[in-house]
Ligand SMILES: Cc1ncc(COP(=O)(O)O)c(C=O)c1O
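Consider the single chain below, provided in structure tokens and representing the form predicted on its own.
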Amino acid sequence: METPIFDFLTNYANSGTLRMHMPGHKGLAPIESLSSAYELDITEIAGADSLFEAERIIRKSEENASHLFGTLETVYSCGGSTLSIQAMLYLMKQERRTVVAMRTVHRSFLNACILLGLRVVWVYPDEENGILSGEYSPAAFEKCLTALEGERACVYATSPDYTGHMTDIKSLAHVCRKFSAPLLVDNAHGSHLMFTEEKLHPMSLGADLCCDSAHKTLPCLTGCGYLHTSSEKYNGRLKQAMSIFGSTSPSYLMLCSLDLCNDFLENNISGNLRMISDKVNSIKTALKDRYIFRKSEPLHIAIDTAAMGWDGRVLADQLTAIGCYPEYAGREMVLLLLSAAEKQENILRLQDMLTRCEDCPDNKPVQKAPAFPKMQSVMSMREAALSPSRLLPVEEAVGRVCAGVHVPCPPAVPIVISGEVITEQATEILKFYGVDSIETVDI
């Protein structure tokens, strides 16, 4: 696969050109170990293209990515999925759409809705499975769209969620088509899913717009992302939408990272994912009498410690002590996150480390999060978030209106959102996930 951005940057670094332009480090690193990175870090000089007006090397690299993902258009983000979420919602604001969203959303979604003044109608997770289940019925979205009685709407979903649990995007897309509602998917944790044996990426399942955080599961620098569309309606409009929010000084190191990733996607990822899936299944089979694994896609290994009577933090401490640092550890769960570029020897090491961990010394029933309440909104998110506010201990906030945005992760579900009344039940969940104070509207 051609790597036009990388080739341009390396040629420029090797040219010996006197750099009378930004950035101020002039290609010279403060320490030797970073020298190659600094040499490749440039600005929009002639031939280097411009991210939001791409016509040369960046455009060619993005076209390569679009071909690999099978989309009408794929563009790069140097602001992670946050920038892509902002752009997707901006396009919906232009169309004056109400957003029907699952409650499992990232903080960046809430912040973008506040900035854009969007109206959001919430769909809650299946009550029977609790707050961490991530189970959403397409029928619940259909009921919500029907209740809007012809109002222009779109649907927003997160899949996979933080724990790797996936929503039935194909069925959800079918519902959206019945109502002419664009389907937007936050696929931040699933950029690799286009390359699994069964294509599980939202763009292959019917999404109109979708964002990926390339840095989460692909060999890319932190902050690298993609924004995809399969719709003629949005083809050619992504860059302008992103430019409303994005920095005018994107990182060429990040663009280079995305460019090089194309070669990995073309030549290595499918074989890697087959190997990883096989090895992860082997781990789960070999250790099924020891651990309870939550349902997830292959790169997320979520251990349900609460169901085992363990405190996940005790297991995480053991893993850390023998050289394995988890993605997340809490009372209910330990999350281990693999990469699509993971080496086989690392997966074998992981199995050995999980085998070496001792049983939780207490082995007592672990408290689970309280049931998730349906919240009442008394003002718009935008009005509440932009109002004067006061930081209060959660115990003193009952009955007040939430102002600030705080999304504990897990559960990666906002317990209470700007504009909603804080209930006693909500404060119990906040405290369970370690949130001791909350911004309230000061009126």
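For every residue, the number given is its place in the sequence shown, counted from 1. The structure presented is a predicted model; accordingly, all values stated were derived computationally and were not measured.
Quick note: we don't show the form predicted in complex with the ligand, though the next part is all about it.
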Heavy atom within 4.5 Å of the ligand in the predicted complex - residue from Gly80, Gly312, Pro125, Gly164: Gly80
Give me the residue from Arg103, Arg97, His215, His201 that has a heavy atom within 4.5 Å of the ligand in the predicted complex. His215
The ligand contact in the predicted complex: Leu184, any heavy atom under 4.5 Å: no
The ligand contact in the predicted complex: Ser108, any heavy atom under 4.5 Å: yes
The ligand contact at Ser191 in the predicted complex, heavy atom, 4.5 Å: no
Decide whether Leu255 counts as a contact residue for the ligand in the predicted complex under a heavy atom distance cut-off of 4.5 Å. no
From the candidate stretches 110-118, 67-75, 215-223, 303-311, select the single one in contact with the ligand in the predicted complex, where contact means a heavy atom within 4.5 Å. 215-223
